[in-house]
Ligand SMILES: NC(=O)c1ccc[n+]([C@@H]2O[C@H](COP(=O)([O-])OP(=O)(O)OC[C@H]3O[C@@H](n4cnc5c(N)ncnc54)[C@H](O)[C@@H]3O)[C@@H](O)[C@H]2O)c1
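Before any questions on how it binds or moves, here is one chain, the form predicted alone, in structure tokens.
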């Protein structure tokens, strides 16, 4: 059985979804919806229908599923149109441009039972999967602390697109949101965040650097630092070898420490004592916990196929995606107001 998937938004990530759909034996591209002239030529090249409006496309094509890769502010109307027609959708991150819009998607999906999968692709990555298995198997014992970083150097040309220099963009909403989602997935729900942000390097309206202190509901404490203006090999985009546009730089970017052992991701080394009664004055043994060699974006597509067919529940549901958005927006609020901001406060304010 071939699953027919329509694409809303044929920009950079949308074209990557097309490549994945076209290359998968179980899927076919049903249509493209995008207002750009380039998307017309792309649809003609691929031999699929082209639309400039998502509602007529959904009604005419009646796809099995749809991928929403449009600008953030249009995620909610497109997702709601899919839900209203009983069509499962994969919504690229963030789930919406605001928590208010995200709540509409959550309410519609949960009331109708039509699934929404949010495109936080790292949860499908073999290194994150392996880390999750180790944690759930109790290899680390109760988690105590987590530390991570995303540090890379975006070129000046990247910021010629003016929207990337304005509120609603920046390293927090474009990049940190992925790290926040991975932390929630591995460690647990976030209770509160304190943060500092800086735009000292580029002087843009949005931050280029941020540091976070995080309290999780289970008592774990964490820190994280991110910048798109610093040279380093310490970012998931490098260490995982799974990113679409970046070279692989083997090594760690995230460190998880528990009562029994510690694990570094993405190099996947687990450090532990040889005996249960040993402590900081005894040497550690290093074990390896590799991933399964799979490809993140292929894994995400295959999971989406199962969601479309109602064979699996979304790994990142609309409600889950809303929580990640709330925690990410809390970073900017915490920095602006110089205080700890809770996730419950963010969700209640919408």
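Residue numbers count along the first chain shown, from 1. Everything numeric in this text was worked out from a predicted model, so none of it was measured.
Note that the form predicted together with this ligand isn't included here; everything after this is about it.
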{"property": "Residue among 92, 181, 127, 228 with a heavy atom within 4.5 Å of this ligand in the model of the complex", "result": "92"}
{"property": "The unique member of 249, 209, 264, 72 whose heavy atoms fall within 4.5 Å of this ligand in the model of the complex", "result": "72"}
{"property": "Partner proximity in the model of the complex: residue 119 to this ligand, non-hydrogen atom cutoff 4.5 Å", "result": "yes"}
{"property": "Interface membership of residue 13, this ligand in the model of the complex, 4.5 Å heavy atom rule", "result": "yes"}
{"property": "is_contact(residue 36, this ligand) in the model of the complex, heavy atom dist at most 4.5 Å", "result": "yes"}
{"property": "Contact of residue 245 with this ligand in the model of the complex (heavy atom, 4.5 Å)", "result": "yes"}
{"property": "In the model of the complex, segment of 303-311, 28-36, 318-326, 278-286 with a heavy atom within 4.5 Å of this ligand", "result": "28-36"}
{"property": "Residues within 4.5 Å of this ligand in the model of the complex, restricted to 130-157 and counted by heavy atom", "result": "none"}
